[in-house]
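First comes one chain, alone, set out as structure tokens in the form predicted on its own.
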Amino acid sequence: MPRGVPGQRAFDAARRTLRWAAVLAVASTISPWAGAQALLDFSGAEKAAILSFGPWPPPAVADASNRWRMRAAVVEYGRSLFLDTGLSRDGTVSCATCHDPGRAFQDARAVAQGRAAGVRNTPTLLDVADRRWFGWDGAHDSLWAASLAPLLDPREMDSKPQALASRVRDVPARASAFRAAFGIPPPADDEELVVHLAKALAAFQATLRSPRTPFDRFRDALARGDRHEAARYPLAAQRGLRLFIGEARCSVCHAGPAFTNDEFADIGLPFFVAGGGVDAGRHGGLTKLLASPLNRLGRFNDAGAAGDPRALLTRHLKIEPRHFGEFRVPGLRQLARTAPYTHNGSLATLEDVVRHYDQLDEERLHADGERILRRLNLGAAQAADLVAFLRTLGD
């Protein structure tokens, strides 16, 4: 029967459902933490690909646009601001409300819930300082600009620059805390003062580094030729890793030590949001970024646009039709602790994520440009192995 016939579609759907029931059954019997006593015969190319995911952690890198980022007093001041509900309009919401330190700095919700419900999933803040663009749509080109946005967003903390500035400037204890952190009095310009608060928040968030993982121990053992230590890495995870860098092609986008290429992609998810609206993704994010006075080309870049190499990236950005519906490729570290997944929180488990790519509707993807994503069509054991590998990317 031709694949386009409705009866065939129903048959295919039933077959996929049965196959994924088998995946869940197999996955439930595999412990990614049990020590293996064997090592797959990885090829030279496979070893090179595996080594490219480290070493971890990477060294801290300064941000030219934020001269306060590595100042200890500013980091500590930023930590206090992160926990301060007084930064929200009604005193009920702090940064930690959505970015809960006890939940890998996210909130385990499908979409964020600040003073009102949002439309996107709350991403973890672990390793956020390494990113090139910030937010699911890349609407910010610095961590400090991204930190200011939720303070002002009506759905999140719903404050105003004047209120935030007055709160610091007009209360002696808060003005003193600001002076102790920055070594200067609170600026008279409201916007300048609020940007300082955002840069303090960014300085704190830049310290949030995810811990080393079983995968890192395996990767480093391979690097030094320690086959005995490498063989302790579970065989299921080894097989899943081979899929990840090979047949499944996951590493095309999830590359490097943080398992992300820091770019944006359409992965075939619907663009529609609650209430009938549309989330334009990277297309809308670029529009906001290029119009923002807080981008790296603006007056609040501490190095100036000419003195900040990353400002060049912003200067040469162009909005193209293909950007519609693209969202940030997330890093995969601590993945098991940051469910649910994707920009809209629509995939509840790692099994759901693998199932999405296994059964990918390629017709939903953009037709222009190079097509990277393909339906995986994995067997049950392969899918379970891939999940086993992903779980070893957490502590």
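Since the model is a prediction, treat every value here as computed from it, not as a measurement. All residue numbers refer to positions in the sequence shown, first residue = 1.
Below, we refer to the form predicted in complex with a small molecule, which is not included among the displayed structures.
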The listed residue (L286, C250, L193, A231) that reaches within 4.5 Å of the small molecule in the model of the complex by any heavy atom is C250
Using heavy atoms only and a 4.5 Å cut-off, determine which of T85, S80, S166, Q113 is in contact with the small molecule in the model of the complex. Q113
Under a 4.5 Å heavy atom criterion, is N301 part of the interface with the small molecule in the model of the complex? no
Partner proximity in the model of the complex: P123 to the small molecule, non-hydrogen atom cutoff 4.5 Å: yes
Looking in the model of the complex, any heavy atom of F53 within 4.5 Å of the small molecule? no
Should W136 be counted as a contact of the small molecule in the model of the complex, where contact means heavy atoms within 4.5 Å? yes
Which one, 68-76, 311-319, 241-249, 213-221, holds residues whose non-hydrogen atoms are within 4.5 Å of the small molecule in the model of the complex? 241-249
Complete contact of A62, A181 and L294 with the small molecule in the model of the complex (any heavy atom, 4.5 Å): no
